[in-house]
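Shown next as structure tokens: one chain only, the form predicted alone.
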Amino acid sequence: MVEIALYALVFGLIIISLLSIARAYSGPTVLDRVVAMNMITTNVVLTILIFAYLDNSFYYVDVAFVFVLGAFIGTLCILKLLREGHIL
């Protein structure tokens, strides 16, 4: 029963990610696109963690952590580029 609920949750996350991709494509400002990217990465991480739970292999948790750190650093770089005009 829990597995069915988790698969339904993953399906919902995929739908939300597709809507976020549409928002990133048609967002009027750059900040809308950055927020949409963060939503997509959050949904991907949640999907990885759900599948790690369902598969009973918690090695994927490390992959999710690395993905979160990369997305966070990428977001900081994009915001610094927007604010100052250069990254370094």
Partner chain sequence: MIFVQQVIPYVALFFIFSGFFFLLVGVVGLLRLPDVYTRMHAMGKCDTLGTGMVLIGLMLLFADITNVTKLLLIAAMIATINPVVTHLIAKTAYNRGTPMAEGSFLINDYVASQRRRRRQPLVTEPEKGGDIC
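Residue numbers count along the first chain shown, from 1. Treat the numbers as computed from the prediction; the structure is a model and nothing was measured.
The same protein also has a form predicted in complex with the partner chain, omitted here; what follows describes it.
Participant: With heavy atoms only and a cut-off of 4.5 Å, decide whether residue 86 touches the partner chain in the predicted bound form.
Facilitator: Residue-level check for residue 86: no, no contact with the partner chain.
Participant: Does the partner chain come within 4.5 Å of any heavy atom of residue 25 in the predicted bound form?
Facilitator: Outside the cut-off, so no.
Participant: For the stretch 65-82, return the residues whose heavy atoms include at least one within 4.5 Å of the partner chain in the predicted bound form, in the order they occur.
Facilitator: Result: 65, 68, 69, 72, 75, 76, 79, 82.
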